[in-house]
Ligand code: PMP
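The chain below stands alone and is given as structure tokens, in the form predicted alone.
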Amino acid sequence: MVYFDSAASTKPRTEILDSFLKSNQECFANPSSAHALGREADRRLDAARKKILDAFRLPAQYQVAFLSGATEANNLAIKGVAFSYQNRGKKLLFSAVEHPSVLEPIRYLAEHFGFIPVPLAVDSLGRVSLDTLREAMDKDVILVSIMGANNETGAVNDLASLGAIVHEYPKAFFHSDLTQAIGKMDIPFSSLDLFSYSAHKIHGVKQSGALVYKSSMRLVPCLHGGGQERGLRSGTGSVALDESLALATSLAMSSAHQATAHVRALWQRLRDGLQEEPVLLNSTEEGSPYILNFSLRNHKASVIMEALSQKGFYVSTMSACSERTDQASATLLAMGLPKELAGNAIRVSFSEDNTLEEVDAFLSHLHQILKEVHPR
């Protein structure tokens, strides 16, 4: 088996699974309970928060809300800011190629509460330009959400420069979905007011993630109840999930440079090999080396993907959240690709566990499949 779909989900690390199991056995009490075991569970949650902030080298002016993943974190960030600060303005800016967990909350706010969505066009490489953001900013903007690295193409945005433009407007906050960026690129965390990520993209456990935000921010919660997570997310906390997220974050950040250097060699080998095939490359060297997206010129992507799967090579055609919709990629369309190519793409996504030998085997099988399968 060769797994090239790590942008969808990564294999959990053994030490992270061990941590999850150990925490469940040792610290199963409710962190909200007033007795000694409950207080110990609550203390361990605070220690996990500090471990995450230390991994990101962020000061105590930031806070961590433990959530079920980046989807919930994006919802809390967008709805939380919108409802809390709507007296300042109602404009929400976002890149046209955001993940559905950003696009859908903004659509919901526009349809039901009168907020004004302003999509930001991307260039042919899938990035938001500084001029595009600058032209869209005004005094009514309260939130800008621009992802760090795109989940389909790996396109990387200049978050530091974009954040500087946002912060020229004191009433606006800058949010980023960093799900595909944590541990995979240099991130100017201090340029962000709040950011989201998921554990299962960094070899952690599914249904675990966080929103990191400035402590001075007031966010309206999406869930109401017992007031856990400093009132932002009611529900019984899981020490096991949250400690495993903290460990996954720490490991990802500490090994980032070494892992990225290894993955970049894989990306380059794959890119070089694809030059011999009838494909259009949709990812560039300026982007994340963890993702390489290409469109087939003469064959149907779903057919080739299934043929690869039969050979034990697992890739995607687009974001896992959109893959079964049988539509052209909105990301590739926004980058200017014609519909026939935007709807015929394959995404290869790596982790540091992959090898050059796996890339060579993939290229060999892909070449043979393209020869054997009739053109569309």
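Note that residue numbering begins at 1 and tracks the sequence as displayed. Since this is a predicted model, take the numbers as computed values, not measurements.
Not on display, but discussed next: the form predicted in complex with this ligand.
Chemist: Which residue among 151, 288, 282, 244 has a heavy atom within 4.5 angstroms of this ligand in the model of the complex?
Modeler: Exactly one residue meets the criterion: 151.
Chemist: Pick from 228, 295, 157, 71: which residue has any heavy atom within 4.5 angstroms of this ligand in the model of the complex?
Modeler: By the 4.5 Å criterion, the partner-contacting residue is 71.
Chemist: Would you say all of 145, 191 and 193 touch this ligand in the model of the complex, counting a heavy atom within 4.5 Å as a touch?
Modeler: Contact check failed for every one of 145, 191 and 193.
Chemist: Any idea which of 110 to 118, 83 to 91, 297 to 305, 194 to 202 reaches within 4.5 Å of this ligand in the model of the complex, heavy atoms considered?
Modeler: So the stretch in question is 194 to 202.
Chemist: Just checking whether residue 249 would be counted as a contact of this ligand in the model of the complex - the rule being heavy atoms within 4.5 angstroms.
Modeler: Residue 249: no contact with this ligand in the model of the complex.
Chemist: Does the 4.5 Å heavy atom contact test between residue 180 and this ligand in the model of the complex come out positive?
Modeler: Yes, contact at 4.5 Å.
Chemist: Given that this ligand is not shown alongside this chain, does residue 238 nevertheless sit within 4.5 Å of it in the model of the complex, heavy atom to heavy atom?
Modeler: No, no contact at 4.5 Å.
Chemist: Using heavy atoms and a 4.5 Å limit, would one call residue 127 a contact residue for this ligand in the model of the complex?
Modeler: Heavy-atom contact with this ligand at 4.5 Å: absent for residue 127.
Chemist: For the stretch 281 to 316, return the residues whose heavy atoms include at least one within 4.5 Å of this ligand in the model of the complex, in the order they occur.
Modeler: Result: empty, none.
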